[in-house]
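Quick setup: one chain, the form predicted alone, written in structure tokens, and binding and motion questions come after.
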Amino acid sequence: MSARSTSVPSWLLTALVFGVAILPLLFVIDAAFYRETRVGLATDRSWVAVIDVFTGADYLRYLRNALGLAGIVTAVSLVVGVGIALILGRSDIGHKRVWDALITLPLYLSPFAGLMAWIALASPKTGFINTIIDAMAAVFIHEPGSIVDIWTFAGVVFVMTLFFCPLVYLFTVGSLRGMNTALEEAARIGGATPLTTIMRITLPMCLPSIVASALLVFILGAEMYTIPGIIGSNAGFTTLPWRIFEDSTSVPVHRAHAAAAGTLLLLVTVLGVWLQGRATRVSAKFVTLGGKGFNGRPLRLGRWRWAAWGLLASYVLAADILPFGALLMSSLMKFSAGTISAEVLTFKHYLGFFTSEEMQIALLNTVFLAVVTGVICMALGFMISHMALRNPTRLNRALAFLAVLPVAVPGLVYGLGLVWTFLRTPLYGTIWVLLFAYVAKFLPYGVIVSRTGLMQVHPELAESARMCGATARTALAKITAPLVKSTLAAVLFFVMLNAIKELSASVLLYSQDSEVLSVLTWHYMDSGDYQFAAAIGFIQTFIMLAVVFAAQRLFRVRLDRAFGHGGGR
């Protein structure tokens, strides 16, 4: 495809990405250079906020805390996620389809809802786990005390890791199952041990998927403010995103400081995207799509079978069974209690949800935003990635780079940028501003995931069609797009799931007519009504499960086979 044939769509996409994703960030940067008042920004300029954030010990400590936490969570998620992917993608363990479904189940529970569940499970005095263990241990110990405590730094890492591991697993296991195993078989015939084969052949061939998942988890971990804020603030651990949230919402507000702090995370992500580009520059050596999926001999676990079962079962217990059970039980209780009895059980929270006009509006808004955002991000992400990989002009590379940048800024700060962008327009306070925010926030994931799939489809396939007389558009529609249909479906599902769970930007941009379920969950929990918040969280989770089940039935695409390659089902 010539540069001339793509110049018009490249310029159009560049203008669109700039308007939706970059312009609000420029407003954020601009806002950092204003003098602050108690209620907002003054009209005159000032360097005070920028100097405080970039040179002040407090803000730099908050940044180190955020990056350190994200690094630890990413490392643990990689070890667990890649380990589980190797077990299910390469070993002879049984019931793989069941394990697949259970490992990916946390994707359908928002981290904020999971946090509520683990607060109900592991609070020192009222947590279900502690009360049960206390009751059992009281027979032998007079005052057994609390066994687990979620209100610690370890609690933050534990909860975040539970909900990021499925991302690493999906990227890696998809790549493993779409990989041509000829090199692995050759290594085994040559006398290599299974461990040597995995370390020297298998994992290097999965490197693009692993690097993409690591970048995604690190960015999500660095920008998250709910779990580190609610748990970490009680444990004396404050991260930069939580400080940005406080600067934006607490009186007196410090919006210039919040905007300046957001630019710090922008710089971090620019560095991360550059490093990913360096790690995956020679993409040809990672092409693994060969017309067949995994067709080699599975690795025999032997005496390690029980250890593998233990790892899988432990993760499923911690990420699925306990949180879903605790969220359901909390939603059925009148008030927080460590023990369950008929006196504390009620269905009033669910009855209130389905009879409330506010809840019905929030439900419709949530579904609408999820579907429209998913379709837009899928289409734009594929077009941008395809142009950057197949026709890597300066303009196309710059377009792909710009499209990924918004993920650097916390949704809360990006929400502030949209507030200043649309404040004096008719769109302010409408659902369309939320749609702008969602597309900008999740477009980078569409680009990253589409890029991962396209990297593993060799360009010679489309070039062969061109040599036979097909036009560039025909080759794209008939060759490339069908080969990456699973990746495109993964983008759609992934963006829809995250749009349903989105909270950080929504909490600033919603109005009475554009409320979404995640915002209502936050407000009810913040006001102390944990039980009603749990009911909303459980309904939100059920919607995500229903949407994914229906979409997978309709398109016959499995998520675990979509994230790592662009092949078929």
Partner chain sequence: MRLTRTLLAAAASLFLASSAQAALTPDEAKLYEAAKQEGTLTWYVGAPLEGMQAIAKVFQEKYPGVNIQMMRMVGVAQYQRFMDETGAKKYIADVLQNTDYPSMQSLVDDGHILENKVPTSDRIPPQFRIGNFAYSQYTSTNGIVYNVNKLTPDEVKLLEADWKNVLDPRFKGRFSVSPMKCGVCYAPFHMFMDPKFKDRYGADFIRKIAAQKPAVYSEVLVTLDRVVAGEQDFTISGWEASAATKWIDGAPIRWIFPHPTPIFGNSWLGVSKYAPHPNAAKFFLDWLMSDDGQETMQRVYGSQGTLQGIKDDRPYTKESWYHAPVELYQVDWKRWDADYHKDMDFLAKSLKAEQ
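Residue numbers count along the first chain shown, from 1. For clarity, every value in this text was computed on a predicted model and none was experimentally measured. Note that the rigid core is defined as the largest set of C-alphas that superpose within 1.5 Å between two forms.
Below: the form predicted together with the partner chain, not depicted.
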**Study point:** G68, S110 and G325 all contacting the partner chain in the predicted bound form, non-hydrogen atom within 4.5 Å
**Key:** no
Checking L517, L63, L508, A533 against the partner chain in the predicted bound form, the residue with a non-hydrogen atom inside 4.5 angstroms turns out to be L508
In this chain shown alone, the residue from K441, R255, R90, R451 with a heavy atom within 4.5 Å of the partner chain in the predicted bound form is R255
message = When the contact criterion is heavy atoms within 4.5 Å, does I230 count as touching the partner chain in the predicted bound form?
response = yes
Though only this chain appears here, would S248 touch the partner chain in the predicted bound form if you measure heavy atom gaps against 4.5 Å?
yes
Q.
Within 4.5 Å, heavy atoms only: does D526 come near the partner chain in the predicted bound form?
A. yes
Quiz item: Looking at the partner-bound form in the predicted bound form, is T126 within 4.5 Å of the partner chain by any heavy atom?
Solution: yes
Which of 206-214, 115-123, 306-314, 493-501 lies within 4.5 Å of the partner chain in the predicted bound form, heavy atoms considered? The stretch 115-123
Looking in the predicted bound form, the residues of 422-439 with a heavy atom no more than 4.5 Å from the partner chain, listed in order, are L423, R424, T425, P426, Y428
**Prompt:** Core aligned, does the CA of T430 move at least 2 Å between this form and the one not shown?
**Reply:** yes
* Is S511 one of the residues whose C-alpha moves 2 Å or more between this form and the one not shown after the core fit? -> yes
